[in-house]
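Shown next as structure tokens: one chain only, the form predicted alone.
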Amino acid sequence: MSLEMLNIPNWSDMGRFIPEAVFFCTFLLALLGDIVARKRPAVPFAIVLAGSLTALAFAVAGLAGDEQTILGELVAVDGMAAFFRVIFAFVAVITVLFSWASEEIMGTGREHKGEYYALIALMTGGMMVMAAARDLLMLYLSLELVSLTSYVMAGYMRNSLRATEASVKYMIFGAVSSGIMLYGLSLIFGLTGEMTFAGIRDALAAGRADPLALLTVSVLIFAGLGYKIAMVPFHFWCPDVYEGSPTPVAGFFSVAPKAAGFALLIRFFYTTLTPVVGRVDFPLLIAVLSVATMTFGNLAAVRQVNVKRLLAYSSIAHVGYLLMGFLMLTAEGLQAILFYLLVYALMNLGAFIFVVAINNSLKSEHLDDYAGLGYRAPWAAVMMIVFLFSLTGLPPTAGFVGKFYLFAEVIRREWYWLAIVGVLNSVISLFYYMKIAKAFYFTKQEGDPVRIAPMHYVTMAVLAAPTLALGLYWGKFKALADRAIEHFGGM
């Protein structure tokens, strides 16, 4: 690359990059605040909370903006990037709030509490860049920024062998998958001679790659991104990492990096492969991976007695449902994915907050210890039931509407057998989600009321209310997902 081709950012670019810039500045300020106010984690907590709320406000305001590229051709600011900015900033706000009342993060024996909040800001900024990347170089750099931060956060409880194991496994598997994806990226650059997504699309449309080479490249890149979203067969890190990480970190991982992975999948494959989707067996490949992912995740979750591990396997199953919408790279399928990711963020974060809240009091994530919680923590149990109903896909919750749009798109494209497999998997998930509900009310156990931190009650209520409301009034939020894809346009 010659110096003449370098695009130096200007103030016009930075004006469209405000949410990301706020998170990166928040990261630096939180580190400085932690150094200056040593042993006062309230300072970095307040800085990151204020930064996340500010970024969320800018992200919401940016939903109505026009689409354009900034930083040269590296980043696209369009409807899809704006949609994911809102999800990431919202998840960061919720994670910061429920981490503050978590014993695993704020316990008296914990160190580096300030750095924990700073890393949330850094990782959220990195995920926003992932969702907006439109160049192979920016794709890889943003993915690595998020991955490296994830490894540190997974091992936050450094005196815990379980956390250390989780961090090491996450790093080793991540390095391997990253190498596979980098190989795929180098091959596609070799096939097309282009670095930008649009350039690759034009080269492929002109027939500059044979179908076998194209399918090989797709599989290699899909493997790297499949690791990030915990798709079978690149899922094996997920249960161990979720179980070993602090529960607030596991909740954050279960939603935000997955959404970022899907954002990158959509932008890369929709932009580059749409002109040649008929020349390769891409839909069949995705259909097989979807079935394998949802079936394995659900069957493995049935046998779990650790609730955090159960939620980890169920999160793998949800990736299978989301892949159904990815099948034909159609606008309607991608709109269904975006709406489901919005719904999934609400219901899955809510379920993990419940686990954090109970773990604070009972020091256990075992299903047997959840017996009688319907009587010992009635309001928290009711909200958990809402999240479980929604994760299953039962009406009248947001999860039902999300699954309806995914299944409707699959049926509309005449993939009937895939829709039947999806419904059967939802029935399996009903069994293990209701095991938790059964323990709440049908397994009587004497004991004192379980103490729940007020912050956890508030954050659960903030998530439970829209989980119910979106099951009845989803029109505006579905329109938001539709608009995100309309203003995406394959940039």
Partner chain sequence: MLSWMTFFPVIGALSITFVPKDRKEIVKTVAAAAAAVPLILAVQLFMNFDRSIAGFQFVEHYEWIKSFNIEYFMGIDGLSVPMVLLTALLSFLCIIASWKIDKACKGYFALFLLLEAGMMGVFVSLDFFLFYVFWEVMLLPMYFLIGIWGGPRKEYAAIKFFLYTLAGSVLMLLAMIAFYYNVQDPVTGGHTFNMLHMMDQANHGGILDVANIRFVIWMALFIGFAIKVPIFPFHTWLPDAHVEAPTAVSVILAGVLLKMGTYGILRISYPILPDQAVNFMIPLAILGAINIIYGAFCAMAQSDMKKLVAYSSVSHMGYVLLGMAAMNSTGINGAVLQMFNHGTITAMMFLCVGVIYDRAHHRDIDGFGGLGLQMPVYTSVFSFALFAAVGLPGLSGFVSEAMVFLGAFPVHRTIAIVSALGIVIGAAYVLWMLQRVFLGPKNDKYDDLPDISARELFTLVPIGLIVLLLGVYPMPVLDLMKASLNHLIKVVAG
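This one's a predicted model, so the numbers in the text were calculated from it and none came from an experiment. Residue numbers count along the first chain shown, from 1.
Separately, the form predicted together with the partner chain exists; it is not shown, and the next lines address it.
Contact with the partner chain in the predicted complex, judged as any non-hydrogen atom within 4.5 angstroms, is confined among 48-56, 452-460, 428-436, 28-36 to 428-436. Here is the short version: of Pro211, Pro283, Gly107, Pro396, the single residue with a heavy atom within 4.5 Å of the partner chain in the predicted complex is Pro396. Of the candidates Tyr156, Phe407, Trp237, Phe269, Phe407 is the one whose heavy atoms come within 4.5 Å of the partner chain in the predicted complex; the others do not. With a 4.5 Å cutoff on heavy atoms, Leu71 does not count as touching the partner chain in the predicted complex; it lies far away. Gly15 falls outside the set of residues with a heavy atom inside 4.5 Å of the partner chain in the predicted complex. In the predicted complex, the partner chain lies farther than 4.5 Å from every heavy atom of Ala331.
Remark: His366 does not count among the residues lining the partner chain in the predicted complex, judged by a heavy atom distance of 4.5 Å or less.
Contact residues in stretch 353-380 (any heavy atom within 4.5 Å of the partner chain, taken in the predicted complex) are limited to Tyr375.
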